[in-house]
Each structure stands twice: as structure tokens, then as C-alpha cells.
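Take a look at this one chain, the form predicted on its own, written out in C-alpha cells.
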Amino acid sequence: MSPDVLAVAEHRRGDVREVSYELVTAGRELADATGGDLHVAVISGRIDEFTTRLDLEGVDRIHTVDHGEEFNHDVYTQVVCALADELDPQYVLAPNSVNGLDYAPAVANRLGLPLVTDAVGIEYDGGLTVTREMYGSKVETTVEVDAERAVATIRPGEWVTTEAIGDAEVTPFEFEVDESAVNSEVTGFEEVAGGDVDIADAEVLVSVGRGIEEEENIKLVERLADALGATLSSSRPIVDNGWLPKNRQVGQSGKVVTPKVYIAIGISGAVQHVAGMKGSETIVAVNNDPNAPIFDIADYGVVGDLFDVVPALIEQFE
């Protein structure tokens, strides 16, 4: 067993997902603690482009496997297991995403390793300790992994990323996929209803909450989003009421977002919502309740009636 760390990058529809850069940060921190190298696996898709974007400071080696355009469970499982056999890393990291949770359990099972999911913190001090959240992020727990090796998935939005260019060694991984064992195929990509926008990729989000009172009032916040060139998102009550589609929901039961600017309009700041947006670079809150929890994490706060504040903001930005 080497002290190395293997991180499996993720891409979708021709673009590297933000969580891949977080994997580099988490993997580097872990590799520094174990005294090993950080290896990054780039599987399928636009290999050359993805490799260039993931050649970041802290990455020692990038292993590429050119196989198809889209994610495939069987291919990823085979490749990651083969890389783990080749490199014998101490830890394998993957995103805690739909794709990551698809293949990581299969990889752990085939390698006979323990699996820890949804990590929000990882530490190594002679052994692996993983921090997780429970009960709607109200309780933080630590899991001590009683094994020398393990597979872990990390929650998006919990690690900072770097844009510093690296000098990684890029190596095509010579591995022939066993096509007879590939029992699934991606035949297309279809967004769920209203899925024209992925709020997880937005740089600026204007998010609306229960304080908007009526469905028809959402148009006011939508106008602010348009004036800012931002994307409209929401807290859970708005989606539960059917006023916006599910793919617009931020929070533990929605999407984790990490925009440069997050503007919370009429959102109180319940822990389930905060769990999905606390990684935002700058948080602006508008709420008429000065004791609203959202102000505890906001960088800028406006205590006032949103029906007065939002029109004033629109006037400024339009």
C-alpha cells in the first residue's frame, strides 16, 4: 500500500464539474497528511480539455482513460478499480454526487474497502477521520475509519478550490475496458421538468423564500434576477407550494450551491437551507426579521420589507 490518494474527477455534458476542483483540494490535504502523492483520474469525455483544466497546483499525476463521452457506471467501476490495483493508493476520493454515489459503492465493494459518504471534512493522523452532518445538519459527527485504506465521497461546496496552474505528469492509463461487462449505456441526456438551468453552476443566485407570500409575487424577485444577470433559485417552501420547479431548490433536500454572490430574499435561514448555500462566496440577505438566522451567516444584511427593498434594488440595477 502506498500513502497516495486517488481522486476521481467528474464531468457532465462536456464540462468539468466544480466538485472536481474541490476534490483536488481535499485530495491534496489528505495526501500531505499521509505523505503521498495526489493522483487524479479523468475518465471519458473531452480528455485533453479536462486534463488541462485539472492540471492544478497540488496534483502530482493525472491518469486519463478515453472511453466514450458520458459517464457510465460499469466503465467507471472497472477503471477506478484497475487504477486502484495499479497505484495501490491509501484512499480513493469521489464526489458525493449522483454519479459518485453510483460507482463509489461498487468500487469499495470490489476492492473490499470501507466506504464513507457525504464527508464535509477529512483528517488524517495515523488514521482517517471523516466529519459528517446528520439530522438536517443540526448535528456534526466524526467517523473514525478502522482500516488502513478506504473510499470516501465528499460533499460539494465544502472545500475551497484553486486556479493555480500545476505541473502534473499526465499519463494515459493503459486499460482495456471489458465491454462484455458493460451492461449499461447512456443513450441521451434529459433534464427534469424546468431543467433548463442548473443553479449549481450559477455565479450569481437570487433566491426567494417564504417571505414572498404569494406565487404571483415571485415575478418581482425574478425581475431583480434579470436585472443582475443572475439565476433564480428558492428555498424549499417555494418548491413545496409548486411555485418553482424542484431543480431551483437550494438546500439539503435540493442542490448545494457555491456561487460568487447569493442574495437571499425573504429567507429565514433554516439549517436545511443553510446547508446548501453556506459555501457561497458572498451572502446578501433581505429580511424584515432582524433575528432571522440568515443574518448569522450573511456578509451583508438588509432588515426591511422585501416589497420595499427589492423594487429599490431593481431601480438601481436596471
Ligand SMILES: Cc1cc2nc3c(=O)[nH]c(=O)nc-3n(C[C@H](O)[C@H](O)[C@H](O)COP(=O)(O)OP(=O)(O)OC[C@H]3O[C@@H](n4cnc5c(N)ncnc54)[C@H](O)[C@@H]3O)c2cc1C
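Remember, predicted model here, so these are calculated numbers, not experimental data. One-based numbering along the sequence shown. Here the rigid core means the biggest group of C-alpha atoms that line up within 1.5 Å when the two forms are laid on top of each other.
Below, we turn to the form predicted together with the ligand, even though it does not appear here.
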_237, 157, 166, 121 - the one with a heavy atom within 4.5 Å of the ligand in the predicted bound form_ = 237
*Among 284, 292, 56, 47, which has any heavy atom within 4.5 Å of the ligand in the predicted bound form?*
292
*Quick one: is residue 64 in contact with the ligand in the predicted bound form, heavy atoms, 4.5 Å cut-off?*
no
*asked:* residue 258 versus the ligand, in the predicted bound form: is there a non-hydrogen atom within 4.5 Å?
replied: no
*residue 34 within 4.5 Å of the ligand in the predicted bound form, heavy atoms*: no
*Check whether residue 209 has any heavy atom within 4.5 Å of a heavy atom of the ligand in the predicted bound form, and answer yes or no.*
yes
*Tell me whether 252, 272 and 307, taken together, all sit within 4.5 Å of the ligand in the predicted bound form, counting heavy atoms only.*
yes
*asked:* Please identify, from 35-43, 56-64, 284-292, 22-30, the stretch that has a heavy atom within 4.5 Å of the ligand in the predicted bound form.
replied: 284-292
_C-alpha of residue 65 off by 2 Å or more between this form and the one not shown on rigid core_ = no
_Shift of residue 308 between this form and the one not shown at or above 2 Å (CA, core fit)_ = yes
*Answer yes if the Cα of residue 289 shifts by 2 angstroms or more between this form and the one not shown on a rigid-core superposition, and no otherwise.*
yes
*Shorter or longer C-alpha distance for residue 256 and residue 30 in the predicted bound form, given it differs from this form by 3 Å or more?*
farther
*CA-CA separation of residue 256 and residue 119, closer or farther in the predicted bound form than in the form shown [shift of 3 angstroms or more]*: farther
